[in-house]
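The chain below stands alone and is given as structure tokens, in the form predicted alone.
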């Protein structure tokens, strides 16, 4: 576990794998991954995604949660380009009560802390749908700079949408210990949601 100011990063195992079955079909997931098809993910799709991330040498799936243990969503350190020392910084919110919250921003900051201060990346990339102001605001507050716009680049709800391309250089990253206190991060203090109950086995099949 990596401890942040108001969230902690945790391995995407056990309970988090259970949450992902729902999260991969939420709006935040598709906005975080605008190049994916917006279609339902089956349980098989979810398991395969987790397995692929576990095997990947160029990415990592990480969970982040409130200090009270309430799961919030996931972080993706993805598409690492070793020679250039760059990767993509992606976040998605599973519990939509936290959408636009400081917990989400702290999760992103912790991902950048991991990327720059542990993995030694030179730069981090991000892409945001033009209409997604909440996501764009989180990246901007974390220090990302707008580097260009791909016009009408994504098909979304039967319309063509611009995609903003953002970047953050290692030289622009002040360090988590320096930037976090300047942002006045405040916990939402929401009540933890009940954990999903384990799936019941079919008694008839067991007999």
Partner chain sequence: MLYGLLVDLEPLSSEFYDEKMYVYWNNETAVTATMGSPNLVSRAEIERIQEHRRGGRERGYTGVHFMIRARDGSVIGTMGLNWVDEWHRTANLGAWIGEPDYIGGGHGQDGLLLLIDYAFDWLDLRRLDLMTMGINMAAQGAVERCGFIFEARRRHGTLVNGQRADTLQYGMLREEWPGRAVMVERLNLRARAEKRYPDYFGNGSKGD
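Please read all numbers here as calculations on a predicted model, not as lab measurements. Numbering follows the first chain given and starts at 1.
We do not show the form predicted in complex with its partner chain, though everything after this point is about it.
Among 67, 58, 38, 140, the residue placing a heavy atom within 4.5 Å of its partner chain in the predicted complex is 38. Interface residue among 166, 50, 62, 180, judged by heavy atoms within 4.5 Å of its partner chain in the predicted complex: 166. Not displayed here, its partner chain is kept clear of residue 79 by more than 4.5 Å at the level of heavy atoms in the predicted complex. Taking the partner from the other structure, its partner chain in the predicted complex has a heavy atom within 4.5 Å of a heavy atom of residue 85. At the 4.5 Å threshold, heavy atoms of residue 54 stay clear of its partner chain in the predicted complex, well away from it.
Residue contact with its partner chain in the predicted complex: residue 44 places no heavy atom within 4.5 Å of it. Between 132 to 140, 98 to 106, 118 to 126, 69 to 77, the stretch whose residues reach within 4.5 angstroms of its partner chain in the predicted complex through a non-hydrogen atom is 118 to 126. Shown without its partner, the chain has 147, 148, 149, 150, 151, 152, 153, 154, 155, 160, 165, 166, 167, 168, 169, 172 in segment 147 to 177 as residues with a non-hydrogen atom within 4.5 angstroms of its partner chain in the predicted complex.
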